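Two separate entries follow, structure 1 and structure 2, each one form of the same protein chain as structure tokens.
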Structure 1
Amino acid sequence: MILEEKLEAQIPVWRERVKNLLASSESVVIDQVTIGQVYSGMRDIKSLVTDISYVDPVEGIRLRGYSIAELLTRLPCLPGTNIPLVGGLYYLLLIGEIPTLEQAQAVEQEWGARYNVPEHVFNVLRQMPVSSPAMTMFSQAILAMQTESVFSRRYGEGMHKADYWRPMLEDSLNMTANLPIIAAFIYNLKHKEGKLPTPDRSLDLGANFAQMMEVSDPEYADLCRLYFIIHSDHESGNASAHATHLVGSTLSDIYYAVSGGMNALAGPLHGRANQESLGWLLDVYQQHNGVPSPEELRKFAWETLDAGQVIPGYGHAVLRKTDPRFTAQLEFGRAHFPEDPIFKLASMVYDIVPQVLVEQGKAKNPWPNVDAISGSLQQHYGVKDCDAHGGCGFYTVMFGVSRALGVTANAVWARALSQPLERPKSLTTAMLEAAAKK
């Protein structure tokens, strides 16, 4: 398999590189920690390492050194499509090189050969109340798939630690291949009376998801590819990536780890912000019987803030400028459906809300993040986030399908480089008070 061969060649070089760095510079200080940081969610403490992506506060994410705009022009596309193959992105995340079209297709074929959701996973989902939040179902389904873990089986048989990465790669490919099927099934349980989706092995991951969602507009396959590429990775400190890494660091397999990460993604300050954001846009739209005037929108934004709530999709813990993942989606909407009223409203919010957040003076970053616009694109193609029971959180499941690409690529490398059990140290308030007195 091409990914295994490439990794096999690279891993000894990286092991040597890390070993040399530690041997020469283990005690070099790279950061200092303040009491303020301890009390503010460890913001900005430099204590994690990944070579797969890096978030620059101003430029935004770079995946293996490439910005979102560069990825969209440099990763290979199928003839007749405008957005690159997700398989090419996964190749890049794992291997660190831009693949050829053939290499990207080889990853897509790996996925196609691995479509095999065990029947008991569908049954677990069928047994859950259909009103369950979509992310609860998604996380549960991932956990139910743990029975298939090659890593856990081989660990039980007794495996040399130098080989841990191999079954981790195997599990990662199996899981990432099957998550789109599980996601489409959750959607069907909520919206189509539990119809089983039929994957098509001849299609790439984005187009296959689009056909399982039964969206016939061919543009939607491109939107799926875009969605799955841009949400994949955002360095190691974000909550879903960090939770996945933490669970995986105990040598739990990828199913336990990613299920844990998905529980973090489900929170409204993280991935669920995409659902909240569309909900906020729809509230604005309904209250004003259409797209409001700029003044009405400004007033609505202030009402949200005065009610002690956040404006979803705006602000970020690291970014200090407009998120390039937002810009990529804005450009997609402008190119394909500039007149869609909810998309128009989302664009208008981009003009008004940053001013309001600056006036309020609290948020360190008044600019939109990835979640401010993704829902308005999905709803254009008829993919709903709500069901008869209210907001069901399906867009966050789509986010999860994508985030699994980033966290599994990181997990393979974490095993290859023997990253250890995570165990930071805590202090008591009295200890911090004593430190403050000194």
Structure 2
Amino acid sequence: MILEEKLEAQIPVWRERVKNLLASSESVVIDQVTIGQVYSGMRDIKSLVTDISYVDPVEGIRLRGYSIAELLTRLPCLPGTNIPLVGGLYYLLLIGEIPTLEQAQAVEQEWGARYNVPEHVFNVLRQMPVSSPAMTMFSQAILAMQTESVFSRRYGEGMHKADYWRPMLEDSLNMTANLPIIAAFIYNLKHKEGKLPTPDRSLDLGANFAQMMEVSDPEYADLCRLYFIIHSDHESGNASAHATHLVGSTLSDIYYAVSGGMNALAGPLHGRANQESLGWLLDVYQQHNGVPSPEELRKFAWETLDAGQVIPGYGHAVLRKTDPRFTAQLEFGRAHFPEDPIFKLASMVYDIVPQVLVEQGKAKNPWPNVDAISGSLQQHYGVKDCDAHGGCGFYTVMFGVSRALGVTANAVWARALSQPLERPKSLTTAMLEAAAKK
């Protein structure tokens, strides 16, 4: 397997690198923690390590050192397509090198060979109320797949800790191959007749998901590739990545860990923001019986803020500029369906809302993040977020399919470098008050 061979060559070098760093510089202070940070969700405390991605406040996300724009031009594409293969991205996340087309296709073929969702996983989903939130179903399905964990079996049999990464890689490839199938089945349960999707082993992951969703427009395969690439990782401090790492640090297998990460992703302050962003756009559209004028939109934005609400999709915990992931989707929409009314509205919001937020003076960052536009692109191709049974959150399930790529790559390397059980120390408020007096 190409990924295992490449990792086997790299891991000894990285182990020695980390060993030498700790031996020579373990006591070097890299940050100071304030009481404000302790009480604000550990905001900006430098206490995690990942070499896979980094969010720069000015430049945006970099995956293995490459910006989103660089990735979209340097990762290999299939002939006749405009967006790179997701397998090429996964190769990059794990290996740290831009792959050739042949290497990217080798990862896609690995996924194709591993399409095998156990029947009991589908049965678990069938037994759940159809009104269940899509993310509840997704997390349960991942847990149900835990019965297939290679790591859990190998650990039970007894194995050297230096080899923990190998079954972790096996589990990660098996899971990331099958999550798109599970996601498509959840969509069919909620929006169609609940039939089982039929994956095509000859297609890449993005195109395969598009055909399982029964979207005939060939452009949608490219949008799926784009969506899965740009949502894949966002350094280790975001809630879904951190939750996955925390659970994984106990030596839980990847199914337990990623299910925990998906539960974090389901929150309104994290992955569910795409649902709320589209909802706000649809409210604007419906109240104005179409795309409003710029002045009408400005008035509606102020009414939202004056009511004590936020404009979803605008602002980011780290970024201080327009999210490059937003820009990539904006450019896709402009290239393929510039006259779509909801997309036109999302584009107008980008022109109007940052000015309103600056005038209000409360937002540290008035610029859009990835969630501000993603729903309008999916809706254009007929892929819905909410269903007739009152359940919503399918866009977050798609987010989860993508985020699994980043967190599993990090999990493989955490096993390879024997990263320890995560166990920060807590203090009482009285202790903090005493420290403040000193």
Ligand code: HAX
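Please read all numbers here as calculations on a predicted model, not as lab measurements. Rigid core (definition): largest C-alpha set, two forms, superposition within 1.5 Å. Please note that residue numbering is based on structure 1, beginning with 1 at the start of its sequence.
The form predicted on its own appears here as structure 2; structure 1 is the other form of the chain.
When the rigid core is held fixed, the Cα atom of Q309 travels 2 angstroms or more between the two structures.
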